[in-house]
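A single chain comes next, written as C-alpha cells; it is the form predicted on its own.
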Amino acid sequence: MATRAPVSKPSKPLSERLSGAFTWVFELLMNTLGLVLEPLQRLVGVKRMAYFFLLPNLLIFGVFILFPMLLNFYYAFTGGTALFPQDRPLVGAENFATLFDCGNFLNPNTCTEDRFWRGVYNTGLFILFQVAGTVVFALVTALALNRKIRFRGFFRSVYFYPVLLSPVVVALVWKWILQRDGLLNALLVGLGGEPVAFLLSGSWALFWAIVVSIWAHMGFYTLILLAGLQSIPKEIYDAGSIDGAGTYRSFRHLTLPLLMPTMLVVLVLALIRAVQTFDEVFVLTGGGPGSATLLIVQYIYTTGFASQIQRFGLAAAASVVLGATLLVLTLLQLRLGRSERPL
C-alpha cells in the first residue's frame, strides 16, 4: 500500500504570533508585579497604596523642582562668587538691598542695579501688551473656529502648529524675516520702499518681540477657549434668539459670562508664560539693542551665568522677587475671578 505523506499544519500569520508573544510578556510582567505588590498591599493596606504609586512622581518633583527652589532661596541670602553652598558666606538681605537701592524707582539710571529695573520695566510692558494681545487674538480665533466654516479641522491644526515648534526655531525663523537683509525688508524694497532696521531700533525690537511671542503661543490658548465655547449648551443660544438677542447681544450677555472661568484660566496661564519669557527674545534680539528688550529672566541668567563675575546670590534674589510678584498677581487674579462668580 502506498503511504500517505504527512500534512503540514499552516503557519500562523506574523501578526498573530506577535500578538501572542506580547500577551505572554504582558502576563509575565503582571504576574511579577503581583508577586511584589500583593504582599506590600497586605502590609500597608489598600488606601495607602496610592502613596506608593505617587512616590516616583513626588521624588522627581522633589529632586528637580522643590530642592532647586529651596537652594535658590538659600543662595539669595549668600554672597561671594563660589558655586557650592558650603563655600558661600551668609550676607542676610544684602542682595535684596542692592536690587532695591534706587534714588528714583521710575528712573533706572539712579539705581545701583539699573539693568534689573530696566528688565522690570521691559517685562511690565511686554506682559501688558503680550498678554492682552494673546487673549484677544485667541478669543477672536476661537470664535471663528467655533463656527461652521469650510476646512475647519485644517484651520484648527494650522493655528496650533506654532505651539509645537521649538521657541528657538520660532525665533530663528522670525529673525531671518526681520533682519536688515531679511524677507520683510526684501518685500519693502521690492515695493519701492527703504529697508527698516527692525531689530536695531529699540521700539521696533520690543514690538516685534511681542508679535513673535503672540504668534508662537496664541494657538494653545485658542484651543482652551475653543473647548470652553463648545461646552456652552446650544439651547442657551436658542433661548436667546427666541427672546430677540442678536449676535452682539448673545456674545455680550451669554458667551462672555459663560466663558469667563475659562478666560480666567487663560489669563493666568498667559501671565505666567509671559513673565517667564526668555528663549524667544534672547535668540531674536539678545536683549538689545542696548537693553531695549532685556527682560527680567534674561537679567537673572546674565547676572548668574553669562557675566564675567558670576553673582549667583544677586541672581537668586532677583528670581525670588520675580517669583513672589508672580505669586501675588496670580492670587489677585484668582481672587478677582472668585468674587465675580454669581452666587
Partner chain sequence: MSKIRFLLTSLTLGLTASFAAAQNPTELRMTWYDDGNEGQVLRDLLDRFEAENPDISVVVDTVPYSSGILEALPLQLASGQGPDMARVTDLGGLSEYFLDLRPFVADPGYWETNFGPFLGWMRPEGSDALPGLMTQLTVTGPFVNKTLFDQAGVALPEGDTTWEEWAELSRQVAEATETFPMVMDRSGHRLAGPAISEGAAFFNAEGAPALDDEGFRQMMQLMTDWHADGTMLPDVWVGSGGEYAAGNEQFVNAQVVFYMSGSWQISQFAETIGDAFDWVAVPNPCGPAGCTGMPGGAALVGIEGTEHPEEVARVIDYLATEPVQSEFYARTLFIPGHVGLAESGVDYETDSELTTAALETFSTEVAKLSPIAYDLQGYPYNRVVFDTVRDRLTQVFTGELTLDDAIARMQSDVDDGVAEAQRGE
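Treat the numbers as computed from the prediction; the structure is a model and nothing was measured. Positions refer to the first chain, counted from 1.
Not pictured, yet referred to below: the form predicted together with the partner chain.
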| query | finding |
| --- | --- |
| Heavy atom of each of 238, 267 and 273 within 4.5 Å of the partner chain in the predicted bound form | no |
| Contact test in the predicted bound form: residue 118 vs the partner chain, heavy atoms, 4.5 Å | yes |
| is_contact(residue 253, the partner chain) in the predicted bound form, heavy atom dist at most 4.5 Å | no |
| Contact label in the predicted bound form: residue 89 to the partner chain, heavy atom within 4.5 Å | yes |
| Any non-hydrogen atom of residue 111 within 4.5 angstroms of the partner chain in the predicted bound form | yes |
| Listed residue that, although the partner chain is not shown, lies within 4.5 Å of it in the predicted bound form (heavy atoms), from 151, 248, 161, 84 | 84 |
| Stretch in contact in the predicted bound form with the partner chain, which is absent here, among 64-72, 29-37, 49-57, 302-310 (heavy atoms within 4.5 Å) | 302-310 |
